[in-house]
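Both blocks below hold the same protein chain, though in two forms, and each is given as structure tokens: structure 1 and structure 2.
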Structure 1
């Protein structure tokens, strides 16, 4: 008896249809005529995420306000230090920076009141989606997963209208990718949407002009 691989491939070869028709690609590459920032805000609010607008100069203040009640703030290795220079943070909330050499433990991330701050690679307006690709200001997948509160900073020039345009903008699809559309949610009980099952219970998105 041949091995499973050989046998399955032989069966697929014998059974497969002749060549298929070409794929029609007349769907839209992007969503024309929309204000991508407004649509993203609308979708995020619909998902019950917190949405905040900031100018580049006021980003640290907006973040400071959002993080004031956190027990600990966790940030990925490459998050710009300038984001965290707000008055509240400087005074009261400890900031832990994750690194390859000294990764933050899951137990630390799981402690009550921990907030993680990340950037994003791309955002999709039409679906209200943030895409994280483990870039320096986003870090390991676990960072945006275990803490109860995720604050994500998105620059306006990272926001694209539709799914095709946004996926096309990603530099490398083999990096660990996480697409986030609102906080964790379930609809398993009589199809009632309930937020905060296993991922962060709270998602705040800060949209910064650029």
Structure 2
């Protein structure tokens, strides 16, 4: 067995080129001629996500309305406090802020009625995908994967047409990425759709003009 393995690996090495093969990079990097905001909205609605439009001044009120029925709201360490100034969050719903020193437990995140609010790094209009890169307003991946309800805030200048353009906008592509295209859903062999198996059952996206 060892001799056979050695021979196979030797043949592979001999067949490899002496230098790296050139990789063409002249592919289309974006999708020209589309309204990226409207295309993203269309894709998200098709994926059964809730879509809400807001101005920067009304963001806290829009979020307050989405979070009114939550038992607890979880936020990453760097989520702006100004997003959480609506009357519902001030008076009724407790807010837990994750931190390195005191990380929120998986059991807490998985409790009934928990909603997580995050930002996004970028969004891809053509595929209806939100990309989270563990930035300060997005936090650990577990925050957006365990709770049953995810509310994600996306600014209009974060929306790109295609995948290459969106990946090129990421500040640090080595960060752990979470790509979200609608609520978590899967189907069995009979195509019965089941939501919430691999992530949040509900996804609401708030698109904010900037």
Partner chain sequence: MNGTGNIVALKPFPDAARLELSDAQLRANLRRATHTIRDKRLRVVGEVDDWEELRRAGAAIKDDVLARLPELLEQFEAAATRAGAVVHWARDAAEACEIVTRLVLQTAAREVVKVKSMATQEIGLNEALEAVGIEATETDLAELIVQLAGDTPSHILVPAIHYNRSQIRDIFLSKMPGVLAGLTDDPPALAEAARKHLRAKFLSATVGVSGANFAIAETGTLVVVESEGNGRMCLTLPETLISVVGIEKILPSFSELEVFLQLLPRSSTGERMNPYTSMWTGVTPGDGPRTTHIVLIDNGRTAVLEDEVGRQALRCIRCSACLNVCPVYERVGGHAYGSVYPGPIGAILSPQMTGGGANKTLPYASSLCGACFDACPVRIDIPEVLVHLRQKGPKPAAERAAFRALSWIMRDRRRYAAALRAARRGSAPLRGFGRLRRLPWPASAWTDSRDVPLPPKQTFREWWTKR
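Rigid core (definition): largest C-alpha set, two forms, superposition within 1.5 Å. Bear in mind that the values here come from a model prediction, so they are computed numbers and not experimental data. Positions refer to the first chain, counted from 1.
- Annotation: structure 1 represents the form predicted together with the partner chain, while structure 2 represents the other form.
- Superposition on the rigid core between structure 1 and structure 2 places the CA atom of residue 196 2 Å or more away from its counterpart.
- Annotation for residue 13: C-alpha shift under 2 angstroms between structure 1 and structure 2, rigid core superposed.
- In the core-aligned comparison between structure 1 and structure 2, the Cα atom of residue 187 sits 2.6 Å away from its counterpart.
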